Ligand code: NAD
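Shown below, as structure tokens, is a lone chain in the form predicted alone; questions about how it binds or moves come after it.
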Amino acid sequence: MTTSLVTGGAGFLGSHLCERLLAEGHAVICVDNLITGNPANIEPLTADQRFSFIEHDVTVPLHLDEAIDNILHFASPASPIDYLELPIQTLKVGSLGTHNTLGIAKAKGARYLLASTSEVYGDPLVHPQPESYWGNVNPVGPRGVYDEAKRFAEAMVMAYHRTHGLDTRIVRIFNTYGPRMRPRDGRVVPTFIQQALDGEALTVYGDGSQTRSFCYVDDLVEGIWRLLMSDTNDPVNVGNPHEMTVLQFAEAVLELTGGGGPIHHKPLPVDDPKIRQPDINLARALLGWEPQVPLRAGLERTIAYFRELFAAVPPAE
């Protein structure tokens, strides 16, 4: 049986990935220190004997006796609130965590997939962003801890690939949304949905003309699975090229929730990207992948998740 290790496996993306790998017949070892992960995300998986959970911080070396075929490194704070409150932990998991998990892959002869991010492009000067673009990142700005951690991680992965012949993959993930997102993690999707369901004004930073491209989690996981199974070592963008303004997105959330108050504008955060849209020509050509879930359908599923979550546990004041 194929065994896959997923770091950050109790997080939003990691838990969906664990679920998919089990569905593909893999045994799954989920590793998470629960600093931003949620045990509830993986609780349904614990009934499967092929699933195991290790509470561990991957910035500390991890010793495993079993054979491992794949390592998918998804551990990292990944929202603005997280990496602004946990800057050193973010840098450590991108550097030490990547180094430690690459060491496991080298020792086990495992294939290695790094979860990178569109943030490596920073506030881009090229639009849309192809994998060949080197980015426009402020290394000493408040967002730099996340951007540079991922850029360093990519460099480390490629160094192991070139020096040790490690079989590696790098996925550059663009804005993703869906069930299991954390309600108050500072990202636009859960923030808008929570505010709308609570009848509050939606907080839009700046004038709302900045753009994002939202990819539903099922589409993202399909792209990651195809990348893992491919023979592509260079970075590949996986995201939805349908670009929209943050203001348009806020209006879509208001329409689908039937709630919320007026839109409230606040100053734009430092180094907040003005535009963000993936060039997915490489994913189309190499993986035969492109997103399938329309924004409306994905948002309806996500809103339903948050309605159920808030009904069970009312939001904190």
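Residue indices: 1-based, along the sequence shown. Everything numeric here is computed off the predicted structure, so don't read it as measured data.
What comes next is about the form predicted together with nicotinamide-adenine-dinucleotide, which is not displayed.
Which residue, Asn175, Asn100, Gln194, Thr168, has a heavy atom that falls within 4.5 Å of nicotinamide-adenine-dinucleotide in the model of the complex? If I apply the 4.5 Å criterion carefully, the residue I get is Asn175.
Within 4.5 Å of nicotinamide-adenine-dinucleotide in the model of the complex, heavy atoms considered, which of Asn70, Thr257, Gln277, Thr59? By the 4.5 Å heavy-atom cutoff, the listed residue in contact is Thr59.
In the model of the complex, do His26, Tyr112 and Gly223 all put a heavy atom within 4.5 Å of nicotinamide-adenine-dinucleotide? Zero of three within 4.5 Å in the model of the complex.
Among 103-111, 143-151, 157-165, 122-130, which stretch has residues whose heavy atoms lie within 4.5 Å of nicotinamide-adenine-dinucleotide in the model of the complex? Contact-bearing stretch, as computed: 143-151.
Although the partner isn't part of this model, could you tell me whether Ile35 comes within 4.5 Å of nicotinamide-adenine-dinucleotide in the model of the complex, counting any heavy atom of the residue? The answer is yes: Ile35 has a heavy atom within 4.5 Å of nicotinamide-adenine-dinucleotide.
Can any non-hydrogen atom of Asn237 be found within 4.5 angstroms of nicotinamide-adenine-dinucleotide in the model of the complex? Heavy-atom contact with nicotinamide-adenine-dinucleotide at 4.5 Å: absent for Asn237.
My question is simply whether Pro179 lines the interface with nicotinamide-adenine-dinucleotide in the model of the complex - judged by any non-hydrogen atom within 4.5 Å. Flag for Pro179 set to no.
Please run the contact check for Cys18 against nicotinamide-adenine-dinucleotide in the model of the complex: heavy atoms, 4.5 angstroms, yes or no? No, no contact at 4.5 Å.
Heavy atom within 4.5 Å of nicotinamide-adenine-dinucleotide in the model of the complex - qualifying residues of 98-120: Heavy-atom contacts to nicotinamide-adenine-dinucleotide in the model of the complex: Ala115, Ser116, Thr117.
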